[in-house]
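As a starting point, one isolated chain is supplied in structure tokens, in the form predicted on its own.
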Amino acid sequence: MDTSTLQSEIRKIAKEKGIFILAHSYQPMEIQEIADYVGDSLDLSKKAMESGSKKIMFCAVKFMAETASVLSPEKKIMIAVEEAGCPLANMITPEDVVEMKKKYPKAKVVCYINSPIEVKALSDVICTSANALKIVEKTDSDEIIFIPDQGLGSWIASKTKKTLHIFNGYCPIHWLMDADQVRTTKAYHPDALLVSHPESNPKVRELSDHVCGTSGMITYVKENPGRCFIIATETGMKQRLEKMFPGERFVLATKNITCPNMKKTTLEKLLESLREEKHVITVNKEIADRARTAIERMHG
């Protein structure tokens, strides 16, 4: 089947089965086009909760579907591609957290949402890239264990007086981005605004006009109409911005900013998962309860 036919069949099956389709901003554009909602990590879980549907299909990576399962235990949460993992999330284990707690017994654990559910369950509070600084500042301790991302952790450390003990995980797409290539792109587009993700390495962040998560990028473009934007995050976000703001100009910061895990979702695989309602995400109740508490503290 061609793309249009596959998309039509996906919409038809999803409607017949009452399945609400969620897609992350880094998903291929043909997937974003057929989703009921496109957004960032936590936003997708919120939409899953708010949806009237009892069946949710995630076009994303596993930790995002896990978070939704914890927050909506009464719903059937599925993921289109079972093996779609997140390298950053996979870099940390529960044992790593236990060791850091032993090393820094007075510290509170602030955990970035891009993490396995078992790690969230061992944390005091969860944060997103957008609210990480706020969460760190309001956490009742001057000493923070920040996990698992050293990109976001180093960004927050530069903005707080608190002591941060940062785990050395990273997003390969952002942390390994070549600052020299970004500098070259800026030279080709001298009037453009460079927007980077806080998961990026400090050299890229220092070159940026604005540092923010994916939802923040949408706001930034709205607030700066008529400009060219250099986007230093996964290519799917550039495509989403181009669709949302057809009158603006967007350029990728470097040539290779593609997350292979996000691109594992294809129309064919999504259709198969919808038909069979497979790859259901289940989380152990004790772990789910502890993780839910850490997530809810974010809004407390």
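As the structure is a prediction and not an experimental result, all values here were calculated from the model. Numbering starts at 1 and follows the sequence shown.
Below, we turn to the form predicted together with (~{Z})-2-methylbut-2-enedioic acid, even though it does not appear here.
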| property | result |
| --- | --- |
| Distance check, Gly213 to (~{Z})-2-methylbut-2-enedioic acid in the predicted complex, heavy atom within 4.5 Å | yes |
| Non-hydrogen atom contact Met64 with (~{Z})-2-methylbut-2-enedioic acid in the predicted complex at 4.5 angstroms | yes |
| Contact label in the predicted complex: Ser115 to (~{Z})-2-methylbut-2-enedioic acid, heavy atom within 4.5 Å | no |
| Contact flag, Thr185 vs (~{Z})-2-methylbut-2-enedioic acid in the predicted complex, heavy atom cut 4.5 Å | no |
| Candidate stretches 33 to 41, 250 to 258, 265 to 273, 51 to 59 - the one whose heavy atoms come within 4.5 Å of (~{Z})-2-methylbut-2-enedioic acid in the predicted complex | 33 to 41 |
| Heavy atom within 4.5 Å of (~{Z})-2-methylbut-2-enedioic acid in the predicted complex - the one residue of Ser208, Thr139, Gln150, Thr128 that qualifies | Thr128 |
| Partner contacts in the predicted complex for 11 to 33 (non-hydrogen atom within 4.5 angstroms of (~{Z})-2-methylbut-2-enedioic acid) | His24, Tyr26 |
